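Listed next as structure tokens is one chain, alone, in the form predicted alone.
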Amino acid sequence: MRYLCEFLDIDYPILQGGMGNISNAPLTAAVSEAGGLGTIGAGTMEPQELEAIIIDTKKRTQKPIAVNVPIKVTPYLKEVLNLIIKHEVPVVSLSAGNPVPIIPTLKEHGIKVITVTASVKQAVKAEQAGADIIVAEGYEAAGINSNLELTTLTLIPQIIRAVDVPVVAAGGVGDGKSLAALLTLGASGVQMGTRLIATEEAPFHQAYKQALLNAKDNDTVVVGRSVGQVRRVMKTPYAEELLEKEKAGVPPEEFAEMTSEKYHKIGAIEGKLGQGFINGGQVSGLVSDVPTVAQLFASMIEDAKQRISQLHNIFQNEL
């Protein structure tokens, strides 16, 4: 944990998930200002839009930030990488594709590289290619997901055993208890996405935040299994439509269009939950308030310290 914070120059071992296409300067900067690593999700953004967000974010904070690049998703891979180099973004997170051909170029420019993986095999390959940090993501996580559907609890210790670089846990993280649990598994830190939606600085539609506040344990659903496009979203009228389309044998191309970032924005930014989807991880059922990012992080760290201290005392007394 200490090495991760020192390496990334952050105060807390908490990374923001990319949240492609709805990432923005206010939330990214707030995460970095609060002591974590704020991350802009490039998604399918056009280069000029991404550049504007990078510039705006760097005006809001002097602390380190990252850009997440979903390799197979972005149609502007070369342009995005050039922008990252041009604006001297210190950290890049690579996901949704093979990072091996990209890592050397980033490392040549002194950029720290995080890779998001969903299996031991992927993690080992990423480390061999030069990744500095592995984010191991269980299928509890929101958004585009692995069809392997490995859980965070089982995935993290296996990847930690297989690689030597720091491993950050993602999927199901939203409070101090989950932070403490994953640190005890051996993770060096955590990555969060869904929980950060319900913060004051997150400029998303109130309907999105309210859906998280209202969520119960089973209010997320996995769509796209039938067409090989696995994604975890909140249960909404639009999500029900997606499931009905799958039952009817929707062609993969039509499903891809219906789950494109266009419809993500309609749900998350415009709040039209019958016309667009909103991503949500299984941690949604734990969301009960809308604090500032700084308040969230402070409470998580304090709660994690208390939980770990309690465990220490329990074992001391039993021994």
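A quick note: this is a predicted structure, and the numbers were derived from the prediction, not measured. Don't overthink the numbering: it's just position in the shown sequence, from 1.
The following text describes the form predicted in complex with a small molecule, which does not appear among the structures shown.
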Indicate whether the small molecule has at least one heavy atom within 4.5 Å of a heavy atom of Ser95 in the predicted complex.
yes
Is Glu201 close to the small molecule in the predicted complex, meaning a heavy atom pair under 4.5 Å apart or at it?
no
Does the small molecule come within 4.5 Å of any heavy atom of Ala304 in the predicted complex?
no
With a 4.5 Å heavy atom cut-off, would you call Gly193 a contact of the small molecule in the predicted complex?
yes
Identify whether the small molecule in the predicted complex is within 4.5 Å of every residue in the set Gly20, Tyr208 and Val283, based on non-hydrogen atoms.
yes
Interface stretch in the predicted complex with the small molecule - options 243-251, 219-227, 139-147, 158-166, non-hydrogen atom within 4.5 Å
139-147
Here the chain is shown alone; which of Ile134, Ile197, Ala239, Ala118 has a heavy atom within 4.5 Å of the small molecule in the predicted complex?
Ile197
May I ask you to choose, among Ala187, Met234, Leu106, Ala170, the residue with a heavy atom within 4.5 Å of the small molecule in the predicted complex?
Ala170
